[in-house]
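The form predicted alone is given below as one chain in structure tokens.
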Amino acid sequence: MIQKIEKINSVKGELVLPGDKSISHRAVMFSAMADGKSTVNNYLNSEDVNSTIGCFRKLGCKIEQTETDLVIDGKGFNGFTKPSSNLDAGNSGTTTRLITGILSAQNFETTIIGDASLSKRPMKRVVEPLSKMGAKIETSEIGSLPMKIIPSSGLKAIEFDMQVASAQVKSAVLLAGLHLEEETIVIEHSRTRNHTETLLGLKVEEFDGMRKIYSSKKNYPKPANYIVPSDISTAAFFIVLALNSNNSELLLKNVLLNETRNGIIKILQKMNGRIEIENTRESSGEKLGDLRIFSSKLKNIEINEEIIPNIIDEIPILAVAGLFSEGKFIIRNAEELRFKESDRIDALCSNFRKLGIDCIEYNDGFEISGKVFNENILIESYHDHRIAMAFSILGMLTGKNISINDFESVAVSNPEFLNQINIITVN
């Protein structure tokens, strides 16, 4: 599907955006593991989260589903049943990597498959630590899906020193550790999103710039009522649109403000973006609040390496913000972008060049400067929802008759993206 993008002059009003994707995945998983009934309110009803729901239904869970809420009858400790067919994770790396940690402790064999994009993504990073725990996992020759998890003679607790910052790998190890009496410990040197340890109430120690996270059977999930804050990664697209639109004021309500995820707000504020945070509170252990965004004249800043894991999913839309800011936008130390739904460094640079923007590509990032000169350009989304939405915002800000190929990919995280834009558009 090719979507033509129209210019927007101004935005006004307020939005309540869908639930956070990372928390929605975990709330479904932990509810399915618990012994009894749990509810998940304001979950993200998207393709990725529905992949997680579909996998746990195949594992024997009864899940009642509406547009915004879930009621999940959990199976309890080791209560899952062998699925009658492969578990299809669709496009979701989070589903795949996290559920692998859970399945490694089960007494039946399972195979995880995914779509063409997911089947190219690296899985060795999660297979290696789980194998050290005693899990038996087979992948394709290149270390990707399909992935077969075979019952092992028994898992053992490990201390895993995580060299590559990845919340998904961390979570897979911690979830496997929930099935053991002894404590499994994950050591991380760069802080990654902490939803797994927050929602499970895991013990965390911080020292010398490192963090130790502990998990064991005593932390196994119990039935709960989860209220999912709005997704800050989804909010980022609307924040950048409002900041760069004339005479605009936008209120985004109930947005996740987790300290491992709010880097996009901090950076945009340092870039001179007027973003006011109101009504801060907590829900299910997670901090949230309302964001009021005003038109601003942005300036590019130096982005430090330490914050990259915090903003990794927001870099595509942050680059668009950088393009409309004074000075040159530079991002480095972000090689992880090459292993997302697409090679996002290549995808961004290729599309920027199509638009006539000066772009230098590095192994771990890129720099851009100049203006959009070319018109009537077909942007390639590479079936990546964040690329599709980032260049949609760029098109709304330029009015250069930009179109997005394979626009339907936005359904992975926000199927209502264009409807939400229409709600706040001032003609």
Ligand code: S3P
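Counting begins at 1, following the sequence as shown. Owing to the predicted nature of the structure, the values given are computational and were not obtained by experimental measurement.
One more form of this protein exists, namely the form predicted in complex with the ligand; it is left out here, but the text below deals with it.
Look at 214-222, 147-155, 309-317, 134-142: in the predicted bound form, residues with non-hydrogen atoms within 4.5 angstroms of the ligand sit in 309-317.
Only one of 125, 287, 332, 274 comes within 4.5 Å of the ligand in the predicted bound form through a heavy atom, and that residue is 125. For the options 283, 295, 168, 262, the one in contact with the ligand in the predicted bound form, meaning a heavy atom within 4.5 Å, is 168.
The ligand is not drawn, but in the predicted bound form it has a heavy atom within 4.5 Å of residue 340. Shown alone here, residue 97 lies within 4.5 Å of the ligand in the predicted bound form, counting heavy atoms only. The ligand is not shown here, and in the predicted bound form it never comes within 4.5 Å of any heavy atom of residue 179. Looking at 1-40, the residues that come within 4.5 Å of the ligand in the predicted bound form, counting any heavy atom, are 21, 22, 26.
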